Ligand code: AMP
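A single chain comes next, written as structure tokens; it is the form predicted alone.
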Amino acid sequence: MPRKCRKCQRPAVINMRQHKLALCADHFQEWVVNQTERFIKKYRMFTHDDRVLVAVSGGKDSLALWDVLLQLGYQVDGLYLGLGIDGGFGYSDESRAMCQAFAEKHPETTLHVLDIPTTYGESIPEMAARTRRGKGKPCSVCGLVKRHEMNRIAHDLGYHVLATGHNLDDEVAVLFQNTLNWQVGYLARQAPVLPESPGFARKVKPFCRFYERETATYAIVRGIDYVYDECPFAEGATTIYYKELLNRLEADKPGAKLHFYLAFLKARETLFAHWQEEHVELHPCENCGQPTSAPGLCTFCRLLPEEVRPRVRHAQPIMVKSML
């Protein structure tokens, strides 16, 4: 028998077994918005006085987050980094098109776009092949470039907070991996909020307690077009393997992933209350000015060819505004 919305008895678009809650399209959208606001306040992520920059990839999670924060009336804009990943069908081009289409429907916001190949002369796969970092696989280089550029741009453009669309499935897969390997440093830092520090923007994950299927459903019922395909280099990734394992557990025990994550956050307060990360002396990178522990140049600037390095200080994204 088809499920009915608990609030109005209309046909439900989603049945969230972990909450024993089925909702129609209208009430589900309302629930997501209200829950997001609750998480923002609970974890003290930001206020309406803060300028928030959402890192958008063209996928369901980041575009849904951008949409929800706009509905809640926050000062929020988007940042898209063009990575030059093709995958046989123009993955980066399609991702950028989705982000621009979203921005054009919302005249109250701005999309900042920085194209990595145009700015630095190489795509992410080309950087990986040249440097052989991560044995030539693009994922290691991709993470390094995104972390550096997102933080640099947020700082340069005067944003107080950098928000990402990580969902519960993402967080639990990483938590599971770090727990299996007892990566204490990573476990101590895994939280909905990573506080700001000199040279680093505050980083937040407002969707950290939503399942992936919930953010996907929200995007669909809101009519948000997004890239359905995963990054072509994601195939075989360890986190995807862990997600599959955790999905089997969730199928047998609804709510297992949410319980695992929330129990960790509660235990984290005690487990790491007296844990102190090894003190690392930071100093400004001689080239880009971003904080680094490496002598002279930060890891990102060392990744770039010497003749390209001066571009970093002047690399500013273009702004995409609605033409409405």
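This structure is a prediction, so every number in the text was calculated from the model and none was measured. Start at 1 with the first residue shown and count on from there.
Heads up, the form predicted together with the ligand isn't pictured, but that's what we're talking about next.
**Q** Decide whether G165 counts as a contact residue for the ligand in the model of the complex under a heavy atom distance cut-off of 4.5 Å.
**A** Yes.
**Q** I'd like to know if A201 sits close to the ligand in the model of the complex, meaning any non-hydrogen atom pair within 4.5 angstroms.
**A** Answer no; every heavy atom of A201 is more than 4.5 Å from the ligand in the model of the complex.
**Q** Within 4.5 Å, heavy atoms only: does S62 come near the ligand in the model of the complex?
**A** Yes, S62 is a contact residue.
**Q** So, K146 and the ligand: in the model of the complex, are they within 4.5 Å at any heavy atom pair?
**A** Heavy-atom contact with the ligand at 4.5 Å: present for K146.
**Q** Looking at A103, L81, C208, V172, which is the one with a non-hydrogen atom within 4.5 Å of the ligand in the model of the complex?
**A** Residue within 4.5 Å of the partner: L81.
**Q** Name the residue from M98, L246, M150, A219 that puts a heavy atom within 4.5 Å of the ligand in the model of the complex.
**A** The residue from M98, L246, M150, A219 that makes the contact is M150.
**Q** Taking 4.5 angstroms as the heavy atom distance cut-off, pick the stretch from 24 to 32, 54 to 62, 287 to 295, 257 to 265 that is near the ligand in the model of the complex.
**A** Selected stretch: 54 to 62.
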